[in-house]
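First comes one chain, alone, set out as structure tokens in the form predicted alone.
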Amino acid sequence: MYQQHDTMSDDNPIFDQLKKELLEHFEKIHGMEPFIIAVAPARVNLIGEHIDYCDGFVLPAGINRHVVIAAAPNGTSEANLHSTMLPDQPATVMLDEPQTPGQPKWADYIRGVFDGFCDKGFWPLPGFDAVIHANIPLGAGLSSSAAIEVAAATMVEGLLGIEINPKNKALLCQRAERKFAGVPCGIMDQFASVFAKNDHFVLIDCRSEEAQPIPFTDKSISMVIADTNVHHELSDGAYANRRKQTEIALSIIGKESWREVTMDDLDAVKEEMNEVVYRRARHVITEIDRTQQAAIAVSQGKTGEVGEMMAASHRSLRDDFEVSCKELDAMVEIAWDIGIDGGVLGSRMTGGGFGGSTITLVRTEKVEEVMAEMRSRYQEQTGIKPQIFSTRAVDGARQEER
């Protein structure tokens, strides 16, 4: 399903194919055209990992992998949800009843969105039939869950004929993930999917909850996303454990926010915390600084300077926060080994970790060579076939013409 290289011009053949497949599925299932098509992109994070729940900064971008939802009112109080990824698990959700997590589990992300709209006074929602389609590698750390939530919220906006504040939409979707999927996530993924902008990264201040576009217009540099095909489940407790450790560290330090904490503050109380909690705190402090510096470099067109920041970020995530794994390390080290002479400007793991994907900045003229070498060397080292593709930054959630 995934083409290996995206020629990101004004037209987007990969997205066009996804939309065409969606319309075909909807017509096959429902025998009609949809009333609305809602779109939300996956995201990749250039730098700033595991600090969105620590009042930090993050620097993601939307990528050319999307969730698309086609829907039409059905005149009932039911939402009939069909996923092309799980065609044997359709879901019927009663919209005139309080929303609770249920079966099938994939629909909980959408139930959580319905619950968010009801919480804002939009109750009951009108009944509809919907088909959900996507080309995001699941479990790859590219936030398919946030894309589903944001696409569902955008669909509900269209069905209601309203447009809620983008920040409020992102927060509604974050609430859905936390309340219905059980992941105590920060705001990055949902904000990235809502605020993504073509040829821009998005600098998100996770304390003020403000998003600022950072131009990334240099066509000579592309993002290469490498899915290790080692997949993670953030609701299994490891993510929540890391978050708890950062809370313990901040409590010992005695500050209100990580944004007020320096390495001197941390070292002053080092003897009061165990080594693991100390290393978690060191990652948070240094990663917040790295992300701010990277945003400045990108905004000034000095993308080449970001490479060492990406390397430092990966080492910190590997050693201090311990969310990498041998496959992520292998993929990153292959990119580092290819190096500047081979067209690689920087590489690191991206996303929650414990598997998933890496992001590598590559000279566009070298993209095909770099991807081929990463693919072959990774498979030789691990015995696992990766999914590797290139992308530029794309626009965020929207309603699409039928």
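Note that the structure is predicted; figures quoted are calculated from it, not measured. Heads up: residue numbers just count along the shown sequence, starting at 1.
Below: the form predicted in complex with ligand GLA, not depicted.
The stretch that touches ligand GLA in the model of the complex, counting heavy atoms within 4.5 Å, is 44 to 52, out of 30 to 38, 44 to 52, 368 to 376, 335 to 343. Only one of Met309, Ala295, Ala107, Cys185 comes within 4.5 Å of ligand GLA in the model of the complex through a heavy atom, and that residue is Cys185.
The partner is absent here; in the model of the complex, the one residue of Phe117, Tyr239, Tyr278, Phe216 having a heavy atom within 4.5 Å of ligand GLA is Tyr239. Within 4.5 Å of some heavy atom of ligand GLA in the model of the complex lies at least one heavy atom of Gly352.
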